[in-house]
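Here you get one chain, nothing else, as structure tokens; it is the form predicted alone.
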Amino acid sequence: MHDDWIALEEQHTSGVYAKIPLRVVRGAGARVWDAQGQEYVDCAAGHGVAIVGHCHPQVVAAIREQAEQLITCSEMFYHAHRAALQAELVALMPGMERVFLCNSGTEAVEAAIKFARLATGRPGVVAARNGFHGRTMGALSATWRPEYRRPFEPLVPGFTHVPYNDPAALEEAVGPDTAAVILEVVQGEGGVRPGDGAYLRRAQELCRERGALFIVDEVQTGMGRTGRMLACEHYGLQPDLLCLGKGIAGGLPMGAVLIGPRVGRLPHSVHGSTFGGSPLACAAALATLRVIREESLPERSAELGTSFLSRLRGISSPLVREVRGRGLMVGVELRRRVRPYLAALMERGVLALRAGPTVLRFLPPLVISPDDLEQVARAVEEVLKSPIAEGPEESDG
């Protein structure tokens, strides 16, 4: 292997990622190791992907066993793992009937938008300001932040953005041309901002009243992240289309759209995915769901998240504007740019994310230990009390 991975990757990478000079070689549970053997508590977790931890033994065994039998099998044929996974996914939300499987959360959002337009015969989509739904053209049209959108305009027509947690704005925006309202239960990239239950329920009611479909994007909040298997459960929501991704297959690429009765069975050939629902990804997803249940990870997320939020809120620092979140989806909003604080956390053995320019975001594996979370909290406390120069602000790309 090339001795200088960083130089080699810099030579050939596309440039669309803001790279961190860290060569990660191994992961287990809530920790990763770099090429020098340095250990880190991983609260980035692949942007929340490693929800059952890195290389969980049950997921690894399921992948190994399936890889020796059959890796790919498109949905033009039947497969036992796919059938079992689809049945388990619809059972996550009683009332759902069908599943479309794909390879990422963005693909799930893209599919849900198409399904909504097809089912209603309408063009309009209402989304929220500060919402993030992905970067393909349809998902990007639903995404709010101008720096993501502007280079690719004109985007898909028919998209409207309204303030989040503002029922009156929704009332005004949802009309006879609206195919769907798409919302996150907790805005992730938008700053870890939980939705108000009354607002989300009103969005659902408006869709029923006015013939639109309610799409809930649970790509980041699903699979136990917020303390329930699905964040919809906090508020008794029953969306028409529900998007999943990130941790659904324990680290392998997978996305899914759960489809309710107001959409029903879709016609042949209106959408598709070459790799969607592969036996390998389905085996990994079935093992991941089994781990989530056997290890009571949603309940664990709720319990640990409550104590972690309390610990962070107890940090006395004039830099902290607000600490918010649900379960193990936690944001610390600062009065300064967060990039230098992320670098300082990494120096102390903690990997975290940003959610906009001023929010530290923590998405640890749900298997993380209380001791590891205390190490994270201590590191946050230390860096907030250290003199840190902000330096030039980089692009969010």
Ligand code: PLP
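Please read all numbers here as calculations on a predicted model, not as lab measurements. One-based numbering along the sequence shown.
In what follows, reference is made to the form predicted in complex with ligand PLP, a form of this protein that is not presented.
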property: is_contact(Ser104, ligand PLP) in the model of the complex, heavy atom dist at most 4.5 Å; result: yes
property: Contact flag, Gln220 vs ligand PLP in the model of the complex, heavy atom cut 4.5 Å; result: yes
property: is_contact(His133, ligand PLP) in the model of the complex, heavy atom dist at most 4.5 Å; result: yes
property: Residue contact check: Arg326 to ligand PLP in the model of the complex, 4.5 Å heavy atom; result: no
property: Candidate spot Glu184, Glu189 and Lys246, all three touching ligand PLP in the model of the complex (heavy atom, 4.5 Å); result: yes
property: Contact stretch among 199 to 207, 79 to 87, 125 to 133, 310 to 318 - heavy atom within 4.5 Å of ligand PLP in the model of the complex; result: 125 to 133
